[in-house]
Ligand SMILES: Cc1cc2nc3c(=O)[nH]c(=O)nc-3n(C[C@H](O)[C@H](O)[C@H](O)COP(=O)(O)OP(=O)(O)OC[C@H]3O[C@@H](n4cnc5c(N)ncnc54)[C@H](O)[C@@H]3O)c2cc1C
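Here we start with a single chain on its own, the form predicted alone, put down as C-alpha coordinates.
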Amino acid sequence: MTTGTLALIILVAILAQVGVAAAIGIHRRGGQSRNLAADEPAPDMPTNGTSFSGAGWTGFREFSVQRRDFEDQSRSICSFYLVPCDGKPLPPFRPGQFLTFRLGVDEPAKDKPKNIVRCYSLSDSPRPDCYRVSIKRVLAPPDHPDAPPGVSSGYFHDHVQVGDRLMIRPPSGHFHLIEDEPLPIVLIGGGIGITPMLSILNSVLERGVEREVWLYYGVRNGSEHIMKGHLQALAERHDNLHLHVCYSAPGEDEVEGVDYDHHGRVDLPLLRNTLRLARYQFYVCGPKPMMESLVPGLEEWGVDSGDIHYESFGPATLTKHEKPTSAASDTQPVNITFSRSGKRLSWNPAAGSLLEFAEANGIDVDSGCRAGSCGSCQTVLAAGQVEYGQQPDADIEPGHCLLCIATPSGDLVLEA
(Lines give C-alpha, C1' and ligand atoms only; values in the text may rest on other atoms or scores of the structure.)
Protein backbone atom coordinates (compact mmCIF):
# COMPACT_ATOMS: atom_id res chain seq x y z
CA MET A 1 0.00 0.00 0.00
CA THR A 2 1.41 3.34 -1.03
CA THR A 3 1.67 6.33 1.28
CA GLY A 4 -0.93 8.20 -0.77
CA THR A 5 -3.45 5.38 -0.51
CA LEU A 6 -2.97 5.19 3.29
CA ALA A 7 -3.49 8.93 3.64
CA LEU A 8 -6.69 8.72 1.58
CA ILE A 9 -8.08 5.92 3.82
CA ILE A 10 -7.31 7.94 6.97
CA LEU A 11 -9.01 11.02 5.49
CA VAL A 12 -12.16 9.03 4.61
CA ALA A 13 -12.28 7.57 8.14
CA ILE A 14 -12.00 11.01 9.72
CA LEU A 15 -14.78 12.41 7.51
CA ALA A 16 -17.02 9.43 8.38
CA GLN A 17 -16.53 10.03 12.12
CA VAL A 18 -17.34 13.72 11.72
CA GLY A 19 -20.52 12.85 9.82
CA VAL A 20 -21.68 10.36 12.48
CA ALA A 21 -21.02 12.87 15.29
CA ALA A 22 -22.98 15.54 13.43
CA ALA A 23 -25.92 13.21 12.90
CA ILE A 24 -25.96 12.26 16.60
CA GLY A 25 -25.83 15.92 17.59
CA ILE A 26 -28.75 16.77 15.32
CA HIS A 27 -30.76 13.85 16.77
CA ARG A 28 -30.03 14.92 20.33
CA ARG A 29 -30.96 18.53 19.69
CA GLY A 30 -34.20 17.39 18.11
CA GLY A 31 -35.01 15.29 21.16
CA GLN A 32 -34.32 18.23 23.47
CA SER A 33 -36.60 20.44 21.39
CA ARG A 34 -39.41 17.91 21.67
CA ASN A 35 -38.95 17.62 25.42
CA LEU A 36 -39.01 21.39 25.86
CA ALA A 37 -42.09 21.65 23.68
CA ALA A 38 -43.80 18.98 25.73
CA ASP A 39 -43.20 21.06 28.87
CA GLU A 40 -44.84 24.14 27.37
CA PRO A 41 -48.53 24.79 28.13
CA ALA A 42 -50.90 23.52 25.50
CA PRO A 43 -52.83 26.26 23.70
CA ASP A 44 -56.19 24.95 24.95
CA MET A 45 -55.34 25.18 28.67
CA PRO A 46 -58.08 26.92 30.65
CA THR A 47 -57.84 30.65 31.21
CA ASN A 48 -60.50 30.92 33.97
CA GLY A 49 -58.08 31.56 36.84
CA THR A 50 -56.33 28.20 36.55
CA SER A 51 -52.73 27.96 35.38
CA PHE A 52 -50.55 24.94 34.89
CA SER A 53 -46.93 24.31 35.84
CA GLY A 54 -45.54 21.14 34.32
CA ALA A 55 -48.08 18.44 35.12
CA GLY A 56 -49.64 20.42 37.99
CA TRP A 57 -51.79 23.53 38.31
CA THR A 58 -52.28 26.55 40.51
CA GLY A 59 -55.56 27.96 41.78
CA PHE A 60 -58.81 26.04 41.45
CA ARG A 61 -59.45 23.51 38.69
CA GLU A 62 -62.83 22.06 37.71
CA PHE A 63 -63.46 18.38 38.42
CA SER A 64 -66.44 16.13 37.80
CA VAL A 65 -67.75 13.46 40.18
CA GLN A 66 -67.30 10.19 38.31
CA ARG A 67 -68.58 7.90 41.05
CA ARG A 68 -69.64 7.87 44.71
CA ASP A 69 -69.70 4.85 47.05
CA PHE A 70 -70.66 4.39 50.70
CA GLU A 71 -67.84 2.68 52.60
CA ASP A 72 -69.45 1.59 55.89
CA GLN A 73 -72.60 -0.16 57.09
CA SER A 74 -74.17 3.00 58.51
CA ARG A 75 -73.60 4.87 55.22
CA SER A 76 -71.96 7.69 57.14
CA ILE A 77 -68.77 7.65 55.02
CA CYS A 78 -68.94 8.25 51.28
CA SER A 79 -66.09 8.12 48.76
CA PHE A 80 -66.10 10.55 45.83
CA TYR A 81 -64.08 9.75 42.70
CA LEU A 82 -63.03 12.95 40.94
CA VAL A 83 -61.83 13.39 37.35
CA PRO A 84 -60.59 16.65 35.75
CA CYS A 85 -63.06 18.23 33.35
CA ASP A 86 -60.26 19.31 31.01
CA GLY A 87 -59.23 15.68 30.46
CA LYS A 88 -55.58 16.39 31.20
CA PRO A 89 -53.48 14.04 33.37
CA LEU A 90 -53.39 14.53 37.10
CA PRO A 91 -50.12 15.29 38.86
CA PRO A 92 -48.98 12.67 41.36
CA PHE A 93 -49.24 13.47 45.04
CA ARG A 94 -47.50 12.29 48.17
CA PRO A 95 -49.59 9.68 50.00
CA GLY A 96 -51.16 11.40 53.01
CA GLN A 97 -51.79 14.78 51.37
CA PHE A 98 -55.18 16.46 50.96
CA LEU A 99 -57.32 18.34 48.45
CA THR A 100 -58.84 21.79 49.04
CA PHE A 101 -62.42 22.35 47.82
CA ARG A 102 -64.35 25.55 47.19
CA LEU A 103 -68.04 24.82 47.66
CA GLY A 104 -71.06 27.00 46.91
CA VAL A 105 -73.41 26.19 49.79
CA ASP A 106 -76.95 27.58 49.83
CA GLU A 107 -77.86 29.68 52.84
CA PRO A 108 -81.44 30.14 54.02
CA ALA A 109 -82.94 33.50 53.06
CA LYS A 110 -79.94 34.34 50.85
CA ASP A 111 -80.15 34.93 47.10
CA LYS A 112 -76.84 33.34 46.20
CA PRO A 113 -74.74 30.48 47.64
CA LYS A 114 -72.01 31.16 50.15
CA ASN A 115 -68.51 30.04 49.15
CA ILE A 116 -66.78 27.94 51.79
CA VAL A 117 -63.36 26.26 51.62
CA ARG A 118 -62.69 22.85 53.13
CA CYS A 119 -59.81 20.31 53.04
CA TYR A 120 -60.23 16.53 52.76
CA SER A 121 -57.49 13.90 52.73
CA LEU A 122 -56.93 11.82 49.62
CA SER A 123 -57.85 8.24 50.51
CA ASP A 124 -56.21 6.21 47.75
CA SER A 125 -52.86 5.79 46.04
CA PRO A 126 -51.91 8.24 43.26
CA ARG A 127 -53.51 7.55 39.88
CA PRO A 128 -53.08 9.49 36.62
CA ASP A 129 -56.81 9.91 35.89
CA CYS A 130 -58.71 10.11 39.18
CA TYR A 131 -58.54 11.37 42.78
CA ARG A 132 -60.54 9.91 45.66
CA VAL A 133 -61.67 11.46 48.93
CA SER A 134 -63.75 9.67 51.58
CA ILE A 135 -65.91 12.02 53.65
CA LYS A 136 -67.75 11.27 56.89
CA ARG A 137 -71.03 13.02 57.59
CA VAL A 138 -70.53 15.13 60.71
CA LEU A 139 -73.62 15.13 62.93
CA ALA A 140 -74.34 17.22 66.01
CA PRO A 141 -72.49 15.77 69.03
CA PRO A 142 -74.65 13.53 71.28
CA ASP A 143 -74.05 15.84 74.25
CA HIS A 144 -74.96 18.92 72.17
CA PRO A 145 -77.90 17.81 69.97
CA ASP A 146 -78.82 21.42 69.22
CA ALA A 147 -75.40 22.14 67.67
CA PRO A 148 -75.39 22.50 63.88
CA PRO A 149 -74.16 19.50 61.85
CA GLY A 150 -71.14 19.74 59.58
CA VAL A 151 -71.92 22.12 56.72
CA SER A 152 -69.47 20.81 54.13
CA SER A 153 -69.84 17.10 54.92
CA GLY A 154 -73.62 17.44 54.78
CA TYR A 155 -73.31 19.24 51.46
CA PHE A 156 -71.22 16.42 50.00
CA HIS A 157 -73.54 13.69 51.27
CA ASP A 158 -76.84 15.38 50.40
CA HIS A 159 -76.09 17.39 47.27
CA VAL A 160 -72.94 16.21 45.44
CA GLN A 161 -73.98 13.57 42.92
CA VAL A 162 -72.38 11.80 39.95
CA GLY A 163 -71.78 14.33 37.17
CA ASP A 164 -71.66 17.35 39.48
CA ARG A 165 -68.69 19.68 39.18
CA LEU A 166 -66.39 20.86 41.96
CA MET A 167 -63.58 23.39 42.14
CA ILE A 168 -60.40 21.90 43.61
CA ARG A 169 -56.87 23.07 44.37
CA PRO A 170 -53.93 20.69 43.73
CA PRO A 171 -52.85 18.19 46.40
CA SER A 172 -50.86 19.71 49.23
CA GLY A 173 -49.89 19.21 52.86
CA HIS A 174 -46.77 18.43 54.85
CA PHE A 175 -48.22 15.25 56.36
CA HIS A 176 -47.22 12.49 53.96
CA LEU A 177 -45.20 9.30 53.63
CA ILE A 178 -41.42 9.76 53.79
CA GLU A 179 -40.54 7.47 50.91
CA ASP A 180 -36.74 7.61 51.04
CA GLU A 181 -36.56 5.96 54.47
CA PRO A 182 -36.32 2.15 54.73
CA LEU A 183 -37.78 2.06 58.26
CA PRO A 184 -40.89 -0.02 59.02
CA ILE A 185 -44.09 2.02 59.16
CA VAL A 186 -46.71 2.31 61.90
CA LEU A 187 -49.98 3.86 60.70
CA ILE A 188 -52.47 4.92 63.39
CA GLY A 189 -55.91 6.19 62.36
CA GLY A 190 -58.75 7.14 64.66
CA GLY A 191 -62.23 7.43 63.13
CA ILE A 192 -62.17 9.24 59.80
CA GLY A 193 -58.47 9.92 60.47
CA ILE A 194 -57.97 6.59 58.70
CA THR A 195 -58.30 8.24 55.27
CA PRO A 196 -54.69 9.47 54.80
CA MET A 197 -53.53 6.10 56.19
CA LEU A 198 -55.47 4.35 53.41
CA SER A 199 -53.60 6.45 50.86
CA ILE A 200 -50.24 5.54 52.41
CA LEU A 201 -51.15 1.87 52.86
CA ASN A 202 -52.47 1.37 49.32
CA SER A 203 -49.46 3.15 47.84
CA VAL A 204 -46.89 1.09 49.71
CA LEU A 205 -48.56 -2.26 49.04
CA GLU A 206 -49.39 -1.58 45.37
CA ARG A 207 -45.77 -0.72 44.62
CA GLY A 208 -44.60 -3.98 46.15
CA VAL A 209 -42.37 -2.23 48.67
CA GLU A 210 -41.20 -4.74 51.25
CA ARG A 211 -41.33 -2.33 54.20
CA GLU A 212 -43.15 -3.78 57.20
CA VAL A 213 -46.43 -1.94 57.81
CA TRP A 214 -48.48 -1.96 61.02
CA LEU A 215 -51.97 -0.43 60.72
CA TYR A 216 -53.86 0.42 63.92
CA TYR A 217 -57.43 1.54 63.24
CA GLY A 218 -59.72 2.71 66.02
CA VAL A 219 -63.48 3.07 65.49
CA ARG A 220 -66.62 2.74 67.63
CA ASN A 221 -67.94 -0.49 66.09
CA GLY A 222 -68.52 -2.38 62.88
CA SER A 223 -71.24 -0.02 61.64
CA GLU A 224 -68.56 2.68 61.16
CA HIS A 225 -65.74 0.38 60.02
CA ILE A 226 -64.54 1.84 56.71
CA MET A 227 -63.69 -0.53 53.82
CA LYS A 228 -63.65 -3.55 56.12
CA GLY A 229 -63.44 -6.10 53.31
CA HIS A 230 -60.68 -4.20 51.54
CA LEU A 231 -58.52 -4.02 54.68
CA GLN A 232 -59.02 -7.70 55.47
CA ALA A 233 -58.13 -8.69 51.90
CA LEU A 234 -54.94 -6.62 52.05
CA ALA A 235 -53.92 -8.27 55.32
CA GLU A 236 -54.49 -11.74 53.86
CA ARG A 237 -52.61 -10.93 50.65
CA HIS A 238 -49.56 -9.18 52.11
CA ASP A 239 -47.39 -10.82 54.74
CA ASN A 240 -45.73 -7.49 55.54
CA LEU A 241 -49.04 -5.90 56.67
CA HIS A 242 -50.04 -6.32 60.31
CA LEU A 243 -53.64 -5.14 60.85
CA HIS A 244 -54.97 -4.25 64.31
CA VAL A 245 -58.60 -3.03 64.47
CA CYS A 246 -59.95 -1.61 67.74
CA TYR A 247 -63.66 -1.20 68.58
CA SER A 248 -64.32 1.12 71.52
CA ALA A 249 -68.06 0.26 71.71
CA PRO A 250 -68.64 -3.02 69.87
CA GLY A 251 -72.16 -4.20 69.14
CA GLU A 252 -73.67 -7.07 71.11
CA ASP A 253 -73.23 -9.46 68.19
CA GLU A 254 -69.61 -8.43 67.46
CA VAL A 255 -66.97 -10.85 68.74
CA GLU A 256 -63.42 -9.86 69.67
CA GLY A 257 -60.91 -11.84 67.65
CA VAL A 258 -63.48 -12.43 64.89
CA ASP A 259 -65.07 -9.09 63.94
CA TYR A 260 -62.27 -6.97 65.38
CA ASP A 261 -58.93 -7.47 67.09
CA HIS A 262 -58.98 -5.39 70.29
CA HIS A 263 -61.69 -4.01 72.58
CA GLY A 264 -60.89 -0.40 73.43
CA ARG A 265 -59.07 2.48 71.82
CA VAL A 266 -55.69 2.65 70.14
CA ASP A 267 -53.38 3.57 72.99
CA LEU A 268 -49.77 3.31 74.04
CA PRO A 269 -50.12 0.01 76.00
CA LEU A 270 -51.53 -1.64 72.85
CA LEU A 271 -48.59 -0.41 70.78
CA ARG A 272 -46.07 -1.57 73.37
CA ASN A 273 -47.68 -5.02 73.55
CA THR A 274 -47.85 -5.62 69.80
CA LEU A 275 -44.82 -3.87 68.28
CA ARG A 276 -41.41 -5.49 68.31
CA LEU A 277 -38.53 -3.54 69.82
CA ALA A 278 -37.22 -1.62 66.82
CA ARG A 279 -37.16 1.83 65.24
CA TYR A 280 -40.28 2.79 63.30
CA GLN A 281 -41.77 5.72 61.43
CA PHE A 282 -45.06 6.62 63.12
CA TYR A 283 -47.92 8.32 61.24
CA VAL A 284 -50.85 9.38 63.43
CA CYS A 285 -54.14 11.02 62.46
CA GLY A 286 -57.30 11.25 64.51
CA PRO A 287 -59.42 13.29 66.90
CA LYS A 288 -57.73 15.62 69.33
CA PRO A 289 -58.10 13.42 72.49
CA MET A 290 -56.31 10.55 70.75
CA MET A 291 -53.59 12.85 69.46
CA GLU A 292 -53.03 14.50 72.84
CA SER A 293 -52.55 11.07 74.39
CA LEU A 294 -50.57 9.22 71.72
CA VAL A 295 -48.11 11.79 70.39
CA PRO A 296 -46.63 12.80 73.79
CA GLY A 297 -46.88 9.15 74.89
CA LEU A 298 -44.72 8.01 71.98
CA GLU A 299 -42.08 10.59 72.87
CA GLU A 300 -42.15 9.48 76.52
CA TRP A 301 -41.73 5.88 75.32
CA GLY A 302 -38.48 6.99 73.71
CA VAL A 303 -39.53 7.45 70.08
CA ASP A 304 -37.53 10.22 68.46
CA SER A 305 -39.76 13.19 67.63
CA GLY A 306 -38.37 13.13 64.08
CA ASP A 307 -39.95 9.69 63.61
CA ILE A 308 -43.43 10.88 64.65
CA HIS A 309 -45.57 12.46 61.92
CA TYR A 310 -49.07 13.52 62.86
CA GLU A 311 -52.14 15.37 61.68
CA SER A 312 -55.39 16.10 63.48
CA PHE A 313 -58.57 16.56 61.49
CA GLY A 314 -60.92 19.51 61.71
CA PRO A 315 -60.22 22.75 63.55
CA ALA A 316 -59.23 20.91 66.74
CA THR A 317 -55.64 20.60 65.61
CA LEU A 318 -53.02 19.33 68.02
CA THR A 319 -50.85 22.07 69.41
CA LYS A 320 -47.25 21.21 68.79
CA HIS A 321 -45.41 19.88 71.82
CA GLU A 322 -42.65 22.45 71.77
CA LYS A 323 -44.93 25.46 71.37
CA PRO A 324 -42.99 28.62 72.22
CA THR A 325 -44.24 30.93 74.88
CA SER A 326 -45.59 34.05 73.22
CA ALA A 327 -43.96 37.23 74.34
CA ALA A 328 -47.41 38.82 74.20
CA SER A 329 -48.70 36.51 76.95
CA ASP A 330 -46.28 37.97 79.50
CA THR A 331 -46.76 41.65 78.64
CA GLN A 332 -49.45 44.25 78.23
CA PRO A 333 -51.98 43.79 75.40
CA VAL A 334 -50.51 44.45 71.96
CA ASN A 335 -51.94 46.65 69.24
CA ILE A 336 -53.26 45.09 66.04
CA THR A 337 -53.93 47.44 63.14
CA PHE A 338 -56.23 46.22 60.37
CA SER A 339 -55.27 48.70 57.64
CA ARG A 340 -58.08 48.05 55.13
CA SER A 341 -60.76 48.09 57.81
CA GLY A 342 -59.27 51.16 59.46
CA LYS A 343 -59.31 49.57 62.92
CA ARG A 344 -56.64 49.61 65.63
CA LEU A 345 -57.45 47.16 68.43
CA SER A 346 -55.81 45.71 71.54
CA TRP A 347 -55.19 41.95 71.55
CA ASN A 348 -54.51 39.76 74.58
CA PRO A 349 -54.05 35.98 74.85
CA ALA A 350 -57.69 35.45 75.85
CA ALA A 351 -58.71 36.67 72.39
CA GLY A 352 -57.36 33.50 70.78
CA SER A 353 -55.99 33.37 67.23
CA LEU A 354 -55.79 36.43 65.02
CA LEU A 355 -58.65 35.00 62.94
CA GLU A 356 -60.89 34.68 65.99
CA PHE A 357 -59.86 38.17 67.07
CA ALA A 358 -60.67 39.65 63.66
CA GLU A 359 -64.07 37.93 63.50
CA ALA A 360 -64.96 39.03 67.03
CA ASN A 361 -64.36 42.61 65.98
CA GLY A 362 -66.44 42.48 62.83
CA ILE A 363 -63.56 42.19 60.36
CA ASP A 364 -64.41 39.90 57.45
CA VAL A 365 -61.61 37.44 56.61
CA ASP A 366 -61.90 34.48 54.22
CA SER A 367 -61.34 31.22 56.08
CA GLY A 368 -61.80 27.53 55.54
CA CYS A 369 -60.19 24.77 57.56
CA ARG A 370 -59.24 27.00 60.54
CA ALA A 371 -56.32 24.64 61.11
CA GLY A 372 -53.47 26.03 58.99
CA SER A 373 -54.14 23.72 56.04
CA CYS A 374 -56.13 25.41 53.29
CA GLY A 375 -54.42 28.81 53.28
CA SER A 376 -57.71 30.71 52.81
CA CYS A 377 -57.01 33.14 55.67
CA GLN A 378 -53.54 34.03 54.39
CA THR A 379 -53.14 37.78 54.97
CA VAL A 380 -50.44 40.32 54.20
CA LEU A 381 -48.34 41.05 57.29
CA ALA A 382 -47.31 44.65 56.71
CA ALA A 383 -45.43 45.05 60.00
CA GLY A 384 -44.57 42.92 63.03
CA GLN A 385 -44.16 39.20 63.61
CA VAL A 386 -46.42 36.30 64.51
CA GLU A 387 -45.97 32.91 66.18
CA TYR A 388 -47.64 29.65 65.16
CA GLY A 389 -48.94 27.16 67.69
CA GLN A 390 -48.42 24.35 65.17
CA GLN A 391 -46.65 23.66 61.90
CA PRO A 392 -48.72 25.17 59.05
CA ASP A 393 -49.66 22.76 56.27
CA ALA A 394 -50.35 25.53 53.79
CA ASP A 395 -47.40 27.10 52.02
CA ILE A 396 -47.20 30.69 53.25
CA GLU A 397 -46.17 33.37 50.76
CA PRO A 398 -43.39 35.77 51.81
CA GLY A 399 -44.77 38.70 53.77
CA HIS A 400 -47.98 36.86 54.68
CA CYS A 401 -49.31 34.96 57.70
CA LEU A 402 -52.08 32.45 58.43
CA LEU A 403 -54.48 34.14 60.84
CA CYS A 404 -56.22 30.93 61.96
CA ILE A 405 -53.19 29.54 63.82
CA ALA A 406 -51.23 32.74 64.48
CA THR A 407 -50.81 34.91 67.56
CA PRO A 408 -48.84 38.16 67.65
CA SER A 409 -45.30 38.49 69.01
CA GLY A 410 -45.89 42.22 69.35
CA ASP A 411 -47.67 45.06 67.59
CA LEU A 412 -48.88 44.12 64.09
CA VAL A 413 -50.20 45.75 60.95
CA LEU A 414 -52.39 43.45 58.85
CA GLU A 415 -53.88 44.24 55.46
CA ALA A 416 -57.43 43.20 56.35
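No experiment lies behind these values; they were computed from the predicted model shown. Residue positions are given as counts along the sequence shown, with the first one as 1.
Separately, the form predicted in complex with the named molecule exists; it is not shown, and the next lines address it.
Although the partner is absent here, residue 119 sits close enough that one of its heavy atoms falls within 4.5 Å of the named molecule in the predicted complex. Under a 4.5 angstroms non-hydrogen atom cutoff, the named molecule in the predicted complex lacks residue 225 among its neighbouring residues. The shortest heavy atom separation between residue 264 and the named molecule in the predicted complex exceeds 4.5 Å. Although the partner is absent here, residue 152 sits close enough that one of its heavy atoms falls within 4.5 Å of the named molecule in the predicted complex. Per the 4.5 Å heavy atom criterion, the named molecule in the predicted complex is contacted by stretch 192-200, the sole one of 192-200, 338-346, 301-309, 240-248. For the options 268, 140, 209, 162, the residue carrying a heavy atom within 4.5 angstroms of the named molecule in the predicted complex is 140. Screening 147, 255, 85, 183 for any heavy atom within 4.5 Å of the named molecule in the predicted complex leaves a single hit, 147.
Contact residues in stretch 363-378 (any heavy atom within 4.5 Å of the named molecule, taken in the predicted complex) are 369, 371, 373.
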